[in-house]
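First comes one chain, alone, set out as structure tokens in the form predicted on its own.
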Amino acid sequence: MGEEVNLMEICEKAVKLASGFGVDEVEVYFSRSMAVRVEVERNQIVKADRFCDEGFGVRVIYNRSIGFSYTNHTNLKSLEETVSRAVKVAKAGKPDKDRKGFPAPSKLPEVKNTYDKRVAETSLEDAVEITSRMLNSALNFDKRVLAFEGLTVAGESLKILVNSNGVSYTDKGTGIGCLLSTLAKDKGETTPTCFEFEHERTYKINPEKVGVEAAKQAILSLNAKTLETGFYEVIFSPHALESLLYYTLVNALKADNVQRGKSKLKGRLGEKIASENLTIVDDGLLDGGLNTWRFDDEGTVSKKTVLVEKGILKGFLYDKYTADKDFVESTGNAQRTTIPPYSSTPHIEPTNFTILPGKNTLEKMFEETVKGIYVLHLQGAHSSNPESGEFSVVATPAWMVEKGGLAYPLKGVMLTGVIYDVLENVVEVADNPRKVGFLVAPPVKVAKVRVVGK
């Protein structure tokens, strides 16, 4: 705790220093990430290391122009030089009439299950042991399985934000996760790469389960068949939803895209944009959420924002700048997503983008599917058009669903369409949500999706 106080004092000194240059507002952001990491390649553990990265990012506002600079040296002298560079950038820039400043202080909310001392104290030996359990469970599942690559990471992060408006916040969190990519080889056939992972804020991952599931996916992908082009019922796993939604719906919900006219949702607040079976919230305070923090990366306190309620568009994702333009409050979605975080300025990103669960199990969803497809992962979602919502993605691995279960694996399958048609055709949401990156969601069943086969 003493070190955190010292770092806070350094940030406060830097704010005072920058204020002395005659700028209007100052923000100093500090982040530190410490972790252990173990890597797998071709059935073997090949690397184990420990890393730590820390630094300061400084933003200043002068005459409504903003300047930014950063340093990975954590002494006061280097920070002073960084402040000086940021001031020079701001004074050389052009005024932006829409820039109204950094956030003001507010009471910080409480968050739960975001820090676990056991995770913070995970040793390299612990991480190697976790990785070995994951790897061995996959290789023992079936001799045809190859563990192509994988990793285990565990560590803690600290962030501090101080600005000239009186904001003086600090928060720390932990994270632990393991991932394994697999493929299967049998009688001259090699499956596409499959993968499974778990990521948590507290020490409750199951590496054996990750290994077994990754191996099972690979074995179930053997002897794949082609499919006739047509419209099918499609059940999207949380993994598939994560990539599809980010490059279509999530980008359309970002206020900066809305304000620039790069979103089909502009001017549609209060309108129906999806099935009534779909309710979506962005919950920066989610218990144990992978992106849960007490404040965002520019000092707005975290909160829960309803985006879609029973199919009706209710809101957008804002940072302070875009919120000021629309005369609303920021939703706390300013994030620094580069690595390391202090090296970039914040931009709008979801926190825990949550699709509220339904009542049926995935097994029940399979039983009620006459002839459909279960899609575990998607490739190529990054090439989707965020303005129109159009997408064309490869579904792999994917399986035909018949007679209440997975009938056989599919190959050469693409899904095409517009995300808003997909949202309108959501007929069922399962009851078992998973945390997958920014997304918290269960499997979702869509009544009608165009599937291109061979």
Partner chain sequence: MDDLLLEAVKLGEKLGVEFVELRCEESLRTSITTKDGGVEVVREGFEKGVNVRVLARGAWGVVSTSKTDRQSVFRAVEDAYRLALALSQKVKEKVKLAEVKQVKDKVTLKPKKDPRNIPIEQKIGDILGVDKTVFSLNPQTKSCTIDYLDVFQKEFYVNSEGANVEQNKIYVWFRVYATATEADVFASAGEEFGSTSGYDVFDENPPEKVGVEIARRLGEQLKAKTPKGGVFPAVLGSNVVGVFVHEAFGHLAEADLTLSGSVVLDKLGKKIASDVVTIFDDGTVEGAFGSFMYDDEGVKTQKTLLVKDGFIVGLMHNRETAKKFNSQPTGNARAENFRYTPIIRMRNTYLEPRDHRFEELLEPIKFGYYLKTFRGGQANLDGTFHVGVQEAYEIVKGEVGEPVRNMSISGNTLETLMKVEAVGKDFRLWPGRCGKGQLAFVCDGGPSIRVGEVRVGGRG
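Numbering follows the first chain given and starts at 1. Every value quoted in this text rests on a predicted model; they were computed, and no experiment measured them.
The form predicted in complex with its partner chain exists for this protein as well; it is not shown, and the discussion that follows is about that form.
Of the candidate stretches 232-240, 310-318, 375-383, 154-162, only 375-383 has residues whose heavy atoms lie within 4.5 Å of its partner chain in the model of the complex.
Residue Thr190 is the only one of Thr337, Asn223, Asn140, Thr190 with a heavy atom lying within 4.5 Å of its partner chain in the model of the complex. In terms of contact with its partner chain in the model of the complex, the residue from Met34, Val426, Met414, Met400 that brings a heavy atom within 4.5 Å is Met414. Taking the partner from elsewhere, Asp256 is found to have a heavy atom lying within 4.5 Å of its partner chain in the model of the complex.
None of the heavy atoms of Ser106 is located within 4.5 Å of its partner chain in the model of the complex.
Its partner chain is not drawn, but in the model of the complex it has no heavy atom within 4.5 Å of Lys97. Its partner chain is not drawn, but in the model of the complex it has a heavy atom within 4.5 Å of Glu125. Contacts of stretch 336-372 with its partner chain in the model of the complex, defined by any heavy atom lying within 4.5 Å, are made by Ile339, Pro340, Tyr342, Ser344, Thr345, listed in sequence order.
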